[in-house]
Each structure stands twice: as structure tokens, then as C-alpha cells.
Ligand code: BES
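First comes one chain, alone, set out as C-alpha cells in the form predicted alone.
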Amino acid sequence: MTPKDIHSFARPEEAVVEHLSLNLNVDFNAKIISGTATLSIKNKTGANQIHLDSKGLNISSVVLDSGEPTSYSMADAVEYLGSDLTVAIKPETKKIVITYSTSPDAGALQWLDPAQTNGGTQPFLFTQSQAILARTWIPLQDSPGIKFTYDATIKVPSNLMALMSAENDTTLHPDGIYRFNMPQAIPSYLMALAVGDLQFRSLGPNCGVFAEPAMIEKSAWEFADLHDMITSAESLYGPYAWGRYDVLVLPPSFPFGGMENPRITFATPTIIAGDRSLVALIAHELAHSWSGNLVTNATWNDFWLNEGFTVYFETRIMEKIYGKDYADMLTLLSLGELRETIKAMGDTSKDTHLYLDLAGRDPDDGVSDIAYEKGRFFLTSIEYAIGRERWDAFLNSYFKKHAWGAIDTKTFLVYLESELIKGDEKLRKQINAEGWIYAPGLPANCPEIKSTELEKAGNAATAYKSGIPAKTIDTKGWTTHHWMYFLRNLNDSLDLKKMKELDAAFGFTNSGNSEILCEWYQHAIASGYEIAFPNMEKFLMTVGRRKFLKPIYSELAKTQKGLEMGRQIYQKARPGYHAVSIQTIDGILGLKK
């Protein structure tokens, strides 16, 4: 039994969806998806109704498997959650068929005009269902603790390819009809669809990359190590359970770094750096094939069980492929980001607990470094306490025991006690699970991380601040991570002379690397380095990844002049952002109703 999901109207203890069959048409002109959703249900209690989640959907009719229409009602909308769609059923009902259409402003759907794509000639559609946006394009039980299989028939324009979080074809269908099957049960937030001008490149026997023609060769080169990542992950925590693992590189407006949709990770083009330095993101999404997709958080209050495990696993994959020094660089950067997040939230904030209380809030509020990085460092601290061999044995048993199911924080703690601590009071205190999960900030047993590589960049920043010319700094062999650490260790506000000197020496303003640009533009705003502003505006107009938008707009909002500039840029950029980015930036710029 999983706990009640406060972000869903579903009552799975009464009647639950076990399979979803979609037959949908994608209309780019109207910006709607329409068709039918057939829900195969298990009526556990002989209930006379089933409760579904719906937000902004237009329901035309509902028919039972007997062929007879049935009544349904849509309750008044609740903020963030949408409406309780209640359908009348009979004790013997096995299926219901819902005919419906989406709204043009459906939160999960990002409709892109040709100009907003890399190719510039064809439109594009992608979905982002996490956390509770699946209900904006499919009527279903939109809770991470409810898993179902699905199949789909999707009709799209004949010159475009459709892909889903399912078994995918790799070739264009001239009739525009694509059929999909997902034989493994998944939660609703992993429902995914993309439609666009796409090509495929194989990267191994069970993996490859999809991208727009303009990006396909760059993407294939960047992800050349994809097959090695899969085999490395399998050597750690068991066989990959999903058949194929492909990556889809989306247009720049995608709001996240990646989304772990089963069989096909959706990824931002901002990780195409030309030096394979940002592929840790792919390792992260691959790791979700075990932590998240295979063993899922039961509710969004338990989100850390997805992301904390995944970041830990990602680091282990990166270490196995690229070595410990490289992994330590990534970890130290992340620890710095985590400390900054805690500082911004406040050391005593309940939002810095791993287990969250998101009642009355959008679960997207739980998407922060706390779930990802505090969760990771909690697991790392256990590894340090008991040793890697014993910890890996525990994780292997954890994934096997809970595979294809959902788990909440209390259940995890019971499992940790029974399978690892086993009554050892000294170890229980050393692990300090309660302190990590139910208390704010970072416990005293947070691991300390050192990186000899990043020390080089830190020493260079110290030397530059003490007066050595920028052009004399030895940056040979530096990766993206060295540059990020260097920029983060400079003064919060460099004067204009130093900004010009740094730009002349290293060309930061014209960098093609989004991670570096994000750090640089924050310095430019703080120092009033206006030379960088036109490029910064272009960056904000073309990149929709929230990780970059949030710190730049936040820096702009610190002064009245910056706030005005931020609002002017945002007014132009906003139509190209996804709903999850819009919600965040609206708040930063004081534009929420």
C-alpha cells in the first residue's frame, strides 16, 4: 500500500488503470491533440465510479466496454491540480473509452513554429509530463505511484516523425501514422510524445540518437560513449530492463536538461558542447532507468528517492568511464551549488528537508538541488560509512526488491533498517538517516569532497584576483568544469576593467558553451558589463532551459534597472518558453497574478 497522493484525484484503492490505449491526431494548425483514450481498469471494490485527473481537457463522450455511453462529471478546478474527472462505471466494467481534445495552452505541450527549431523549416511538438502535467494531454490517473502499460496510434503530418516513451521506429512513415507499444508498466509522468523533422543515428546495438538534421551529426559525435555508459551502468546495478536506450535532442526551448522518458531520453541541445564535457546529463537520465523508472517515488513528497539515487548512480557511471578525478570535479561543483541553494532557501527552511511537504503547492516546487544533491550526498555518506562493496550489494538488492513498483520514504527507511543497519545502534547514528531526511540543511556527516583538478582553477582565480594578467593564466587542458569553477571563484562583482580583460583573454561573451555563458552573464549583470548584454539577450531568447534562465533572471531582478531589462527581454522570449519555465520566471520577475 502506497500513501495517498495529495496531487491526484485518483482513488486506486477503489478502481485503478492498468493499461492505456491512445488513438490521437496531432493538429499543428489548431495546436491541439484529439482522439480517444481507452483505459483498461481493475475495479477492486465493485465501485460505481472511477476518479481520473484532468486539466483543461475537453471531454466529448465516455463509453463503457459494453458500448453504452456513460455519465461523467468534471469537478471545479483546483489550483495546480486541475479537476476530478469522475466516470460512472459498473462492477463488471473492464474498459472505458474517452473521446477528448486538448486545449491549445495545455501545460505539457510545447508547440514550436519552424523559426523556433534548429532547422527553421518545420514545426515541432514535444511533451513534458513531469510532475503533474500528463493530465493536460491525457485523461488518466496522474500519480507516480500508479503504473500502467500503454499502446498508441498517433497521426501526424506526413513529413514529420513521431516518437514516444515506447518502442520506436527509426524511419519516417510517409502516411504519417505511427504505432507504439510500451509493454513495461510506467507512471503517468513518463508519458511522452515528440513530433518533428527528425533523423536517427545508431550508436551501438541497443542505442542511438534522434535529432533535427542540423544537429544529428554533432549529437552523434557528442554521445559516442552512450553504449559504454549502458554497459557500465549494468555492471553496477544489474541488467538494463527497457530494451533500447535512445536519446532525442530537442529544440532549445526544452525547459530541463533531460527527461528520463523510458527507452528515449529527451535532452536539451545545450549539452552539445563539442568536447563531450557535459554528457554527465545523459549518464543521469540513463541512471533513471533503474532509480525512478524501475523503482519510482510513490508521491512527489518522496521525490528525493528518484533524484538522489539517480545523481549518486550518475556519478558512479562517470567515474567508471572517465575516472575518479573527473567524477570528483563534477561532485565538488555540485556540492558548491547545493550549499548555495541551502543558503538561498535558509538554513532552517523545511524545503531543505529531503522529505517534503508539498500540500497545496505545485510539486514542481520540489525540483531543486535538495532532492538531487542533498539526496546524493546522503547516499554517498552511507557509502563512506560502510564501504562501497557493502553499499553496492545493498543497492543491488534494493533495485531487485522494489523493481516495477513505487516506494515512499518510510518504506525506504524500513528497508534500510532491516537490510543494512540490522539493529547496529552505532551504524544507525553514523548514517543519521533521520537527520538527512527530516531536518533542514546539511548534517555534520556530509562528505567532504576534494578535486585536484578544480584546485587548479581555484588557484588561478585567486591569482587573478591578486593581480596577475588574465592572459598569463595557464588554461591548457581545462574543461567546462574548470571554467565554471574559475568563474565562480572570482569576486561577486568584478569591475569593468577586469571584465574586459577576461573577455579579451578568453572570449567568454562569444562562448558557445551554455554552462560557461550562464556563469559569465551573471558577472556581466552584476558589474554592468553592457558589452555582453546583446549576446545575453539572444541567449535568453533562444534557450529555454530553466537551469540557465533562473540564475540570469534572478541576477537581473536584484536592481530596478535590471528588473526592467529582464522584463523587456522576457516579454519577447516568453512565447518560446515551456510552461514550467514560465511559472518560475513569472515569479522571479514579479509577474504572477
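Sequential numbering from 1, following the sequence displayed. For clarity, every value in this text was computed on a predicted model and none was experimentally measured.
Just so you know, the form predicted together with the ligand exists too; it's not on screen, but the next bit is about it.
Asker: Can you pick out, from L494, L333, L358, L281, the residue that has a heavy atom within 4.5 Å of the ligand in the predicted bound form?
Answerer: Of the listed residues, the single hit is L281.
Asker: Pick from H288, H523, K374, R263: which residue has any heavy atom within 4.5 angstroms of the ligand in the predicted bound form?
Answerer: By the 4.5 Å criterion, the partner-contacting residue is H288.
Asker: Is L248 a contact residue for the ligand in the predicted bound form, using a 4.5 Å heavy atom cut-off?
Answerer: Although the ligand is absent here, L248 would stay clear of it in the predicted bound form, with no heavy atoms inside 4.5 Å.
Asker: Though only this chain appears here, would S451 touch the ligand in the predicted bound form if you measure heavy atom gaps against 4.5 Å?
Answerer: Answer no; every heavy atom of S451 is more than 4.5 Å from the ligand in the predicted bound form.
Asker: Does any part of Q128 reach within 4.5 Å of the ligand in the predicted bound form? Heavy atoms only, please.
Answerer: Q128 belongs to the contact set for the ligand.
Asker: How about R545 - does it come within 4.5 Å of the ligand in the predicted bound form, if we only consider non-hydrogen atoms?
Answerer: Yes, R545 sits close enough to the ligand in the predicted bound form that at least one of its heavy atoms falls within 4.5 Å.
Asker: Spot the stretch among 86 to 94, 325 to 333, 300 to 308, 204 to 212 with residues whose non-hydrogen atoms come within 4.5 Å of the ligand in the predicted bound form.
Answerer: That would be stretch 300 to 308.
Asker: Heavy atoms within 4.5 Å of the ligand in the predicted bound form is the criterion; list the residues of 248 to 276 that meet it.
Answerer: If the 4.5 Å heavy-atom criterion is applied to the ligand in the predicted bound form, 248 to 276 yields F256, G257, G258, M259, E260.
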